[in-house]
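Here we start with a single chain on its own, the form predicted alone, put down as structure tokens.
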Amino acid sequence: MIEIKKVNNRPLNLLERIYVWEIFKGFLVTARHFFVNLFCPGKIITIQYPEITRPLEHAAKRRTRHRLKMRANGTPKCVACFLCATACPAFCIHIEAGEFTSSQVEKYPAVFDVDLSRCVMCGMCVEACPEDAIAMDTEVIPGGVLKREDMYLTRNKLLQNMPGDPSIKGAANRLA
């Protein structure tokens, strides 16, 4: 059997109808928080981001900003097979292939762009890559930027991103 709760719909008194007492109670709560934070700053749970950042936990499971991996000879591991762009549900990866003249690898990405404003951070590009050339392990969470151009990662930016690199973490996770 379903239990029905009866609600007491009593008429409001004068103070409740003009909301003076309720506004005053809200002011008291705000004042209490203000003075507790003023005199006991150790109890404040707010982090002064971007000056102070929290370490990322379980970084192996977290998908952060993209990077392209490089071979030992300094060339990108990517062979421009377009599987990452095909697997991307947001269509945020743009690749144009170029050809090596004197190398065992036939193609390389002449253009490899990632539009972070469209990316949904699903990691499908990383899973689809047969060469293990793209990773999402830089520990930099893409955040807000002032210009839309800063949300585009070009091939050079993707090759510069290294996991745990302090130069790309910076204040407010700015894009290099």
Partner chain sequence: MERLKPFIALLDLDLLLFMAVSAVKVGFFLGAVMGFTAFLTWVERKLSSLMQDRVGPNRASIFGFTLLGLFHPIADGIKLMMKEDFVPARASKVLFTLAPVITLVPVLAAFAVIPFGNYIEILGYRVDLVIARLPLGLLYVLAVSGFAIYGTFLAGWASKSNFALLGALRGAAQMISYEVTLGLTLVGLMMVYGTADLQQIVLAQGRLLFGVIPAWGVIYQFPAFLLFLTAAMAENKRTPFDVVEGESEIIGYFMEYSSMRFAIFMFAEFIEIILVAMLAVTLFLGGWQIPYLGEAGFLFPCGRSIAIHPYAVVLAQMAAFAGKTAFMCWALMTLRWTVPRFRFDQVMKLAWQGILPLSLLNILVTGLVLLLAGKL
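Positions refer to the first chain, counted from 1. Note that the coordinates shown come from a computational prediction; the quantities given were computed from them, not determined experimentally. Between two forms, the rigid core is the largest collection of C-alphas that superpose within 1.5 Å.
We do not show the form predicted in complex with its partner chain, though everything after this point is about it.
J.: Partner absent here, but in the predicted bound form, which of 62-70, 135-143, 111-119, 27-35 has residues with a heavy atom within 4.5 Å of its partner chain?
T.: So the stretch in question is 27-35.
J.: Is L15 a contact residue for its partner chain in the predicted bound form, using a 4.5 Å heavy atom cut-off?
T.: Contact with its partner chain, no.
J.: Using 4.5 Å between non-hydrogen atoms, is E149 touching its partner chain in the predicted bound form?
T.: Residue-level check for E149: no, no contact with its partner chain.
J.: Please tell me whether any heavy atom belonging to E57 falls inside 4.5 Å of a heavy atom of its partner chain, as the geometry stands in the predicted bound form.
T.: E57: no, not in contact with its partner chain in the predicted bound form.
J.: Kindly check if the Cα atom of L28 is displaced 2 angstroms or more between the shown form and the other one relative to the superposed rigid core.
T.: Superposed on the core, L28 moves its C-alpha 2 Å or more between the shown form and the other one.
J.: Using a rigid core alignment, state whether the CA of E51 is displaced by 2 Å or more between the shown form and the other one.
T.: Yes, because once the rigid core is superposed, the C-alpha of E51 moves 2 Å or more between the shown form and the other one.
J.: Is the shift of S117 between the shown form and the other one large enough to count as movement, that is, does its C-alpha move by 2 Å or more after the core is superposed?
T.: Shift of 2 Å or more: no.
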